[in-house]
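Just one chain follows, in the form predicted alone, and it is written as structure tokens.
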């Protein structure tokens, strides 16, 4: 084990105590998107068969449309993510295409889906005293995806809060998303060309009329206005489209956010950016929602997407290029400037980076502790496939940081000419605080769904 790995392994020893301290958080709210994920692992061989079955051509693969209008589009989206090792979410508004996915892709398992639902389960298992989550469809099948916990609540349409796992609104239809996962090293062969998947990831195909329109439960709003919160994790705006009134929906939510900030002056509101395919909606999220909240979380793909609408010239110069740590850091700084949010966290393979204003309510030291807890929980999720049992949360505790993580810390430290950064993870930069944490990596993850949501929420709420 290298010296740097030993330093960080000692630093990570505080993680069990950080998890214990999460029980001091009184109220956390998650909104707005909750659904059911139908997860299937697809092989390169199976993908090639699907491409053959739908008659996919080289011309089809050149199509840049990111809507699922035909079965060809579904296969094309999977191929794009498989061959690039990236994660994207495309929307489907045609029920016949959804039925094709259901019949031809199937699923290996059902699990909680949607950032709000995933985060609610994680925070409840982690011990937050009360977690309140938003649902706009809550049949029994949705209820079964919530952990059976006395601290996890959802709200009926009349404003009554009940344990989330016990609600059964019989007239609601289940909202099911297809999650297609694939493994690094697998190969997709089509025609005379072989593509090797560079990184384990997933493609999400969403057919969900309620979340596509961000239908809001009025009972939830009524209850929340009486109850308050310490932390609020917002998400779900990525599924909006301009042609379906997505920008107007954002305008409707903004007054709610400002009202909640006024009602909860000590509360922290975090926005998880997610993969937003509609550029007009993406711009509204960047220009309107991000400045209204205290914190924003995103991965490297979402960072590039944000850059495309926030700083087109910089995006054009980087499009198609590799993104080493120094470049990702520069993107993060530019987005911090453009989004005008006090705290911005970027999570990517081997490292988490947070930049925040000097006067932010959470200290750099607390942020670092929360980020190490999040890295451990995320690695545990990847390694076990399930962190809905508390004993699994620390499965990865004691594992060393990966070689990629070690290299990332060294490169960033050299780039910034701050030698101590790779050892302690905290420095000042342009009147801001920078916190960098190398992460634990799992070679063969059992799941990657909800990883970013888990990282962002545990980093923030776990920062004690």
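Positions refer to the first chain, counted from 1. Every value quoted in this text rests on a predicted model; they were computed, and no experiment measured them.
Missing here is the form predicted together with alpha-D-glucopyranose; even so, the following discussion is about that form.
Determine which one of 114 to 122, 360 to 368, 165 to 173, 79 to 87 lies within 4.5 Å of alpha-D-glucopyranose in the model of the complex, judging by heavy atom distances; exactly one does.
Within 4.5 Å of the partner lies stretch 114 to 122.
Is residue 439 a contact residue for alpha-D-glucopyranose in the model of the complex, using a 4.5 Å heavy atom cut-off?
Judged by the heavy-atom cut-off of 4.5 Å, residue 439 is well away from alpha-D-glucopyranose in the model of the complex.
How about residue 30: is it within 4.5 Å of alpha-D-glucopyranose in the model of the complex, going by heavy atoms?
No, residue 30 sits far enough from alpha-D-glucopyranose in the model of the complex that none of its heavy atoms falls within 4.5 Å.
Is there a non-hydrogen atom of residue 206 within 4.5 angstroms of a non-hydrogen atom of alpha-D-glucopyranose in the model of the complex?
Contact with alpha-D-glucopyranose, yes.
With the partner left out of view, is residue 449 within 4.5 angstroms of alpha-D-glucopyranose in the model of the complex by any non-hydrogen atom?
Contact check for residue 449: yes, within 4.5 Å of alpha-D-glucopyranose in the model of the complex.
Taking 4.5 Å between heavy atoms as the contact cutoff, choose which of 282, 138, 177, 343 touches alpha-D-glucopyranose in the model of the complex.
Partner contact (heavy atom, 4.5 Å) among the options: 177.
Which of 202, 347, 270, 134 has a heavy atom within 4.5 Å of alpha-D-glucopyranose in the model of the complex?
Result of the distance check: 202.
Going by alpha-D-glucopyranose in the model of the complex, which residues of 21 to 60 come within 4.5 Å of it through any heavy atom?
Contacting residues: 33, 35, 37.
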